[in-house]
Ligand SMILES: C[S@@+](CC[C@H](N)C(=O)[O-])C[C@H]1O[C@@H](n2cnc3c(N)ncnc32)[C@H](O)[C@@H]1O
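First comes one chain, alone, set out as structure tokens in the form predicted alone.
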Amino acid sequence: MFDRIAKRYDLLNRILSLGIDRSWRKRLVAKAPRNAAHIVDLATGTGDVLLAFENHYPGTPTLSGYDLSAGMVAEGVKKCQRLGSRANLMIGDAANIPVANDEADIVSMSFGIRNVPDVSKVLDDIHRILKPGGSVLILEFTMPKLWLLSWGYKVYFRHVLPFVGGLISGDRHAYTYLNRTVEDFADKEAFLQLMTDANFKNTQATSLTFGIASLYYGQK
């Protein structure tokens, strides 16, 4: 599915989020420690998070991105080459990350954790590859708590987003799938518990844009 929408993915992210996705990535990057030597981004898509890290921390020597979609990785590689980025995008599974134990200073994942078959397995593998004291930062959609905002959010996700996404990408199913995964995913408290169960410490969740997304943080 992601292969099919790869060529229009960046454009649709900007349109459907009204450009807010950029500010969310800036919040993620700003939360990260500054002394990272190796940053790993999972479900990296076309590499936007790694590019944000590179812009914010130009001295970081190793930027590794992994995604299961060959189409998304191919688009990301072309974008990184066009921008002169040092980020290295590769095909890889977030549940079996091809990185050695205690290797990464930061592991990030944006809007991908709700798509994995086993969230706990992914969190365990993130914990495995992080150095002691390393940080995990996860961006994900959440359902707003306020009734009126939640109602409007559901209308947008169930009707507006599939229509616009399908019109531009030619794949309405992909954008119908999106709203289902968001509504079915764990709430903040449940996800923080999963992080604690995976032995992350100092866990916290920050609501973004009236609660329509959350930034999760933890340390090994």
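All of these numbers come straight from a predicted model, not from anything done at the bench. Quick note: we count residues from 1 along the sequence shown, nothing fancier.
From this point on, the text means the form predicted together with the ligand, which you will not see here.
Looking at 51-59, 64-72, 188-196, 32-40, the stretch with residues near the ligand in the predicted bound form, meaning non-hydrogen atoms within 4.5 angstroms, turns out to be 64-72. Among residues of the shown chain, F2 is one whose heavy atoms approach the ligand to within 4.5 Å in the predicted bound form. In the predicted bound form, at least one heavy atom of S110 sits within 4.5 Å of a heavy atom of the ligand. Using a 4.5 angstroms limit between non-hydrogen atoms, G134 is distant from the ligand in the predicted bound form. Contact annotation: D124 falls outside 4.5 Å of the ligand in the predicted bound form, judged by heavy atom distances. This chain lacks the partner; the member of I138, A87, I106, A94 within 4.5 angstroms of the ligand in the predicted bound form by a non-hydrogen atom is A94. Heavy atoms closer than or equal to 4.5 Å to the ligand in the predicted bound form belong, across 190-220, to no residue whatsoever.
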